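Next up is one chain by itself, shown in structure tokens, the form predicted alone.
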Amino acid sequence: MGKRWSEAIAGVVFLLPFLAVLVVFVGWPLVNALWLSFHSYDLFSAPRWVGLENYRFLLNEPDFWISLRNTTLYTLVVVSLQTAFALFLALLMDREIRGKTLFRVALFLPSVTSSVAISLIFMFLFFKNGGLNQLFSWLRLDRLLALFGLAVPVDWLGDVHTALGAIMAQNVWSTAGFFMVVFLAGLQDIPETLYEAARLDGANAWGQFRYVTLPLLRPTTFYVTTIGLIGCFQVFDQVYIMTGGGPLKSTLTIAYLLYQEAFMNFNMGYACAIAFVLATLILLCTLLQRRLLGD
């Protein structure tokens, strides 16, 4: 047996534990969920073959289209805002400012805090007598809210016009710190000589940002938007804790609809069909995003 074969066998042996875990905890559940998506199954009786019926029912179910609309809107707004906000924070933290380390830690802290704890804190802020309404009242901005047709004090999580926006704001705030660190790593990988060359060519601060920073941050931006997109399409815990999908299904998302069907209605086959439709949507959006960013 040659040396190359010995090395190949040794590599496979080292990979075996990881491959075993991957097959048992990822591969088998994935195949089983796909199989269940073609069955009617309620956890208490044997699965019954229904073919594509779950997928046909999904396309005719109004709740699915409501959840798809809410999830798409949520993803577009949150991914755009959190990416722009994280880049702004990274540019700020990349400068020589006093207390930079303290600010970096403070901004990163929400991303390592439990989303349940953060959601509970934001619930108190968004109550009618919460901190946000008191701040608007103190700044005399409550009349401005009334101009937008909102009843003052605003029930941010109980109003169909503001509930989804409130969850968006919470998510942007809690995830921007993590993506700021990713952008910071990308910024520090850009050679200073490129900025010097740009300055010699007469580029101002905006020109350096437009023609040096942004193009060289493209791989980082692709990573940030892809991870943000996947997370937004799977948003669940904030909806579960803050609104329960209400009011009037204004915050019903695909992941929350999946949870309702699987663990409240025990319609496991239909829930698996929703899961595979969600996975397909994420895959298509990621491929589209990769094509647009040219990475």
Partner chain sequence: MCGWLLVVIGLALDAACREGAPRADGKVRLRLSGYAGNPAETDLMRELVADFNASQREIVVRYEPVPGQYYPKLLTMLASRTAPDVFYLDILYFQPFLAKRSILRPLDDFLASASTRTGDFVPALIAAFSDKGKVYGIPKDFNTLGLYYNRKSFDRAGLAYPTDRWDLARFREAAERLTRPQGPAPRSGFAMPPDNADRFLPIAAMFGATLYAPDGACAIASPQGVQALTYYAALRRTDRSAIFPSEVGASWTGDAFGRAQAAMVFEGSWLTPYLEESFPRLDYGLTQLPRGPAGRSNFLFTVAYVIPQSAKHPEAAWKLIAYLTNEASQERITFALPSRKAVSERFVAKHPEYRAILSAAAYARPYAFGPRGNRVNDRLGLAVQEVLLGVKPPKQALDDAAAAIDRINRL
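The structure displayed is predicted, hence computed values, not measured ones. Positions refer to the first chain, counted from 1.
Form predicted in complex with the partner chain: not shown, discussed below.
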Region of this chain that lies against the partner chain in the model of the complex, out of 112-120, 169-177, 95-103, 126-134 [heavy atom, 4.5 Å] = 126-134
Does every residue of 21, 160 and 265 put a non-hydrogen atom within 4.5 angstroms of the partner chain in the model of the complex?
-> yes
Flag residue 47 as yes or no: does it have a non-hydrogen atom within 4.5 angstroms of any non-hydrogen atom of the partner chain in the model of the complex?
-> no
Using a 4.5 Å heavy atom cut-off, state whether residue 52 contacts the partner chain in the model of the complex.
-> no
Check whether residue 240 has any heavy atom within 4.5 Å of a heavy atom of the partner chain in the model of the complex, and answer yes or no.
-> yes
Taking heavy atoms only, is residue 155 within 4.5 angstroms of the partner chain in the model of the complex?
-> yes
Heavy atom within 4.5 Å of the partner chain in the model of the complex - qualifying residues of 93-125 = none
